[in-house]
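One chain follows as structure tokens, the form predicted alone.
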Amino acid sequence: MMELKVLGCAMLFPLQIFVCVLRAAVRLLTRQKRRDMGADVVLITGGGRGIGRHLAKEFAKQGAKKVILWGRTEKCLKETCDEISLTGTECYYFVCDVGNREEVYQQAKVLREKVGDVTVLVNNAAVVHGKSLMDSDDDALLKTQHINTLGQFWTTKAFLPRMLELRNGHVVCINSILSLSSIPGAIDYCMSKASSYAFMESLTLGLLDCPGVGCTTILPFHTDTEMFQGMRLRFPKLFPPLNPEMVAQRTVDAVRTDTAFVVLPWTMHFLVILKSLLPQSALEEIHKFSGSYTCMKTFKGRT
């Protein structure tokens, strides 16, 4: 009897995969029902500048009830908070270093008491030092891992339990295409983003049986912000940096449609496929041809 059951499952498996692919194709071709954000309280880490600032503006534009900003620089946080408040959306900011576990837990407690339960957590905070392993300071390497990777552990542990209780929540990670295809000169960043991707992949699968709670991971190509200022590819017109406003728009839309993974631009899917098919020597030639092999030599971004 057991053997027949296993055989039946094995025969149905290809059909199940086909149905999943068909559903994904339909999602791409049709307009999906979108989440009404009128009751959502959105927390954005690294929300004072760069993509974080654009995310705050886009969530407010799409009707979020409250937007909360976390970051390390009060001046930037206040400026963004004032800008969002002028649109009519309630906005608050708290100085918080997500790489500091105790600070995250303490500020999460303060936030819940002053503002309420967070229903959308956007892990956006990140740093990059733009150096090779041998040129990197040990403390700088640790800082990258604490903020880019471990910070997600602390924020998610702080807010996910309540989302599960409410059966209402979404965890978002602003990752990078470098988590899937690394480059020289940013070894700390690439490692941290690869770890972050694995964290989100595991979390997404772990929440499959948790109604009302979802995950979204955004994997953008080089984005035109001061974080990666000076980074130069060989063919800038062929590989132009992404517009941060567009990244923010696609992120918020992915949250509203409960889309798990988004690669920006979509052409980067080919890079992932090539990595699975080509030998290492061919991949090295692609890096040299595109200029990604040396793109960090002109890096002048902020940390």
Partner chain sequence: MNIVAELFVVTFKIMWSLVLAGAKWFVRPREKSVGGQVCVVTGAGSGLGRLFALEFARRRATLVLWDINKEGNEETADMVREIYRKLSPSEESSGIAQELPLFQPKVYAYVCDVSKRESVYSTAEKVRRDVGNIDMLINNAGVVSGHHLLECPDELIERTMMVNCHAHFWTTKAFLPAMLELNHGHIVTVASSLGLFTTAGVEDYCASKFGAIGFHESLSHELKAADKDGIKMTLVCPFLVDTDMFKGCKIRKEMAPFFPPLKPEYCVQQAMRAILTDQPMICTPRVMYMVTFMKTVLPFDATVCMYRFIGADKCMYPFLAQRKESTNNNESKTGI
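Positions refer to the first chain, counted from 1. These figures come from a predicted structure and were not determined experimentally.
The form predicted in complex with the partner chain is left out here; the points below concern that form.
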property	result
Contact test in the predicted complex: K78 vs the partner chain, heavy atoms, 4.5 Å	no
4.5 Å heavy atom contact, P161 to the partner chain in the predicted complex	yes
Distance check, L277 to the partner chain in the predicted complex, heavy atom within 4.5 Å	yes
Contact flag, I273 vs the partner chain in the predicted complex, heavy atom cut 4.5 Å	yes
One residue of Y197, F94, F228, F221 in contact with the partner chain, assessed in the predicted complex (non-hydrogen atom, 4.5 angstroms)	Y197
Selected contact from S132, S85, N168, Q106, since only one has a non-hydrogen atom within 4.5 angstroms of the partner chain in the predicted complex	S132
Heavy atom contact within 4.5 Å of the partner chain in the predicted complex, the stretch among 41 to 49, 256 to 264, 62 to 70, 242 to 250	256 to 264
Sequence-ordered list of residues in 190 to 208 near the partner chain in the predicted complex, where near means a heavy atom within 4.5 Å	C190, M191, A194, S195, Y197, A198, F199, E201, S202, L203, T204, L205, G206, L208
